[in-house]
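Just one chain is shown here, as structure tokens, and it is the form predicted alone.
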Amino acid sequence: MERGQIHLDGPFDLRLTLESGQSYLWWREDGATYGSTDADTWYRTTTRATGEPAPVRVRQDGDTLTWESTVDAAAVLRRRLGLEDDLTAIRAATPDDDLVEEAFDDHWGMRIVRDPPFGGLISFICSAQMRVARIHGMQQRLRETFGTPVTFDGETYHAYPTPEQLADASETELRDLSLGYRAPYVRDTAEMVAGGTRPEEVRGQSYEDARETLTRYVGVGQKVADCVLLFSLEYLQAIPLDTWIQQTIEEYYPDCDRGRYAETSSALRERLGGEYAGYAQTYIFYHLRTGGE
């Protein structure tokens, strides 16, 4: 086992970052449902950043993150938790807006995650019309059924399935994991990625082109594409227009409603400052979803 610590240079909140609806590829060691205010727990995930699947667990104590893994996980965590983001500069680049400022104040330290692109793609395909707990449950069942098992500290972790592992699954097997109508979407998209059509290939494309490219996957519309761009591929200007954000537009930014997804997203993105609009959107989303708590 390898252990280490990361000393945090800026504001960071591990619980907010991992429990704010950005990622379904982590889980709490204490088994508590996401949304618990108790942050005194290990958060678990797996990585293939060094080649073979490796378990990772991390917890926060003040301005220090402590991690344990079978590999040196410091670089993995810095990337996946957005620790290199200059959160103060990002906030300063956001236009003055009462709702955004209130959200920043109440949830300061939340970062944008960088999930592995394939896991992010599949998890957001599964997210359609689903509650957070059920989405997490789907991802855990996919891990346990198709993922490679790894023993760590006396326990068995399961890596998130590779594209090849999910491409070999039948629709029936996936439906048995409660994926419902999403089952063929997951299988067919996994087949596309296993065949060489990889989501990370959009890096370097303009934001609009990248979003359009991602919609080639089965079951991926503009909203899911925006989620993958924002939470896996570092397009920090992306604004996924889910139900919460649509309600936000209606109540707070009605002038941004253009009647069509792309045009409305563009208008809200400009309203929230452009380059880091996805950060502002994520803070607003979590702030309103939790009732401003």
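Keep in mind that this is a model prediction, so the values were computed, not measured. Throughout, we count residues from 1 along the sequence that is shown.
Omitted from view is the form predicted in complex with the DNA, to which the following refers.
Peer 1: Counting any non-hydrogen atom inside 4.5 Å, which residue from Y217, Y157, F104, F118 sits next to the DNA in the predicted bound form?
Peer 2: In short, Y217.
Peer 1: Among the candidate residues L77, A93, M130, A194, which is the single one with a non-hydrogen atom no more than 4.5 Å from the DNA in the predicted bound form?
Peer 2: Spelling it out, the residue with a heavy atom inside the cut-off is M130.
Peer 1: So in the predicted bound form, is the DNA close enough to T17 to count as touching (4.5 Å, heavy atoms)?
Peer 2: Flag for T17 set to no.
Peer 1: Contact between W244 and the DNA in the predicted bound form at 4.5 Å, heavy atoms?
Peer 2: Answer yes; at least one heavy atom of W244 falls within 4.5 Å of the DNA in the predicted bound form.
Peer 1: Is there a non-hydrogen atom of R211 within 4.5 angstroms of a non-hydrogen atom of the DNA in the predicted bound form?
Peer 2: Taking the distances in the predicted bound form, the answer for R211 is no, it never comes within 4.5 Å of the DNA.
Peer 1: Is there a non-hydrogen atom of R187 within 4.5 angstroms of a non-hydrogen atom of the DNA in the predicted bound form?
Peer 2: The answer is no: R187 has no heavy atom within 4.5 Å of the DNA.
Peer 1: Using a 4.5 Å heavy atom cut-off, are R175, S178 and V224 all in contact with the DNA in the predicted bound form?
Peer 2: Yes, each of R175, S178 and V224 comes within 4.5 Å of the DNA in the predicted bound form.
Peer 1: Counting any heavy atom within 4.5 Å as contact, can you tell me which stretch out of 157-165, 120-128, 81-89, 200-208 lines the DNA in the predicted bound form?
Peer 2: Going by heavy atoms within 4.5 Å, the stretch is 120-128.
Peer 1: Even though the chain is shown alone, can you say which residues of 269-285 have a heavy atom within 4.5 Å of the DNA in the predicted bound form?
Peer 2: Result: Q281, F285.
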